[in-house]
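As a starting point, one isolated chain is supplied in structure tokens, in the form predicted alone.
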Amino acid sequence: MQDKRPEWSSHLSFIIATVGSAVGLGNIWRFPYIMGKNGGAVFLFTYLLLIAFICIIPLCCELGLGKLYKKNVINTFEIISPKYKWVGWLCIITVTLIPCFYFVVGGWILNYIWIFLTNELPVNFANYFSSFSSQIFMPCFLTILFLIMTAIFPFRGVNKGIEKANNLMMPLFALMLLILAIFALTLPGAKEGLLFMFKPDFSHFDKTMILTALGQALFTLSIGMGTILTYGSYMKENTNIVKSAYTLIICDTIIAVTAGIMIFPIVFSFGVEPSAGASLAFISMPQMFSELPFASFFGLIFFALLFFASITSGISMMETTVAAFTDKFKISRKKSTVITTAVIALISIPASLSFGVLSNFKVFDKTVFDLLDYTTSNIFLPFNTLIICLIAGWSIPYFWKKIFGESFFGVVFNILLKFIVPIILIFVLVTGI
């Protein structure tokens, strides 16, 4: 157990770790195919507006709660009022359920790293992915392996584990992304891919697309699950919340857009449908890489990129639960990590099997994997964010002054936090449900 709350060793380490939390499969795997399914540029512009003017409010809110109370997500809401402790628990449920499907994808990534590393590339990736993901043993084994690899870092602690992991992995991630984006721009389909990304078609603009864009923004920024609050609780007292929040948003958006610049020129060069869905990363992209010169090299870089993205965000999700269990139940960090790992492993197995033996087991016409993905991204995250904003805005006297002082931004923040953002989130929730 820890007597003193750990702190980031520097502001740069805090920014890198928080960017590592936000930058994950949501940017590299999920963002491009969701943008492809929702009209490209019009989705991108909607997403940018939402993330810059709406999502900044709950992001600052969570950072502010973490910095103000210096507690885990459960204890934070319990301190505000014992009647709110269920909010902290709901965040923990959300942040524990997300890795249960997220780490299944992490297992797939490990498998693809292996086949590109050994140059044992299948002739048809569609058949290969269908055959592999429907197996019983290997996908489950790799899911658990990815889980254990992620759990090592919360197990070692904030500075020795989480901070060191992000300081190493994020620069490598950025370098790999830049290499692949530059390579993609040299392909024949680069112009069409960029037009798809940046020339809007407003026929795709509707409330479903807005819901999807906001859900993606909340998902990619890790808002509504207590992760930002937990990382905020390790901040130093002199850290500027607004600058930190916008730095996070700018870095996250640059990476998401660069991922699109990497993927869509390749997609258009090979005549692949940009709305190919989740299969884009595991069928279309590797198939296209296999037909290019230096296939193993570029394929390996792509899946190593996915690996770094998924493990840094996975670390932050696990840390949220680990920190809460450690403080709440007065147990060691190591024991808390083992418990968290066991819970995630237990639920992730049926999520993995939903591509095979459990594919016909459905709830609300969704497999276990799809149900976890949809409910957490489109219901839990917006609902949690709504409740957090309402509590901070209406139940903490002068919350905005405690965080921002008498600044103009503080006044605007208070109005948006109390009125505008909750109305938008209610609309999103009603539409989603």
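Only a predicted model underlies this, so the values are computations on that prediction, with no experimental measurement involved. Start at 1 and count along the sequence shown; that's the residue number.
Not pictured, yet referred to below: the form predicted in complex with tryptophan.
Under a 4.5 angstroms heavy atom criterion, identify the one residue in Ile16, Leu417, Leu25, Leu425 near tryptophan in the predicted complex. Exactly one listed residue reaches within 4.5 Å, namely Leu25.
Work out which of Phe303, Phe219, Phe77, Phe146 lies within 4.5 Å of tryptophan in the predicted complex, going by heavy atoms. That would be Phe219.
If we define contact as a non-hydrogen atom of the residue within 4.5 angstroms of the partner, is Met288 a contact of tryptophan in the predicted complex? It does not: once tryptophan is placed as it appears in the predicted complex, Met288 has no heavy atom within 4.5 Å of it.
Does any part of Ala213 reach within 4.5 Å of tryptophan in the predicted complex? Heavy atoms only, please. Answer no; every heavy atom of Ala213 is more than 4.5 Å from tryptophan in the predicted complex.
Given that tryptophan is not shown alongside this chain, does Met225 nevertheless sit within 4.5 Å of it in the predicted complex, heavy atom to heavy atom? Yes.
Please run the contact check for Ser316 against tryptophan in the predicted complex: heavy atoms, 4.5 angstroms, yes or no? Residue-level check for Ser316: yes, a contact with tryptophan.
Of 332 to 340, 126 to 134, 95 to 103, 185 to 193, which is the one stretch near tryptophan in the predicted complex, taking non-hydrogen atoms within 4.5 angstroms as near? Only one stretch passes the 4.5 Å heavy-atom test: 95 to 103.
Sequence-ordered list of residues in 231 to 245 near tryptophan in the predicted complex, where near means a heavy atom within 4.5 Å: Contacting residues: none.
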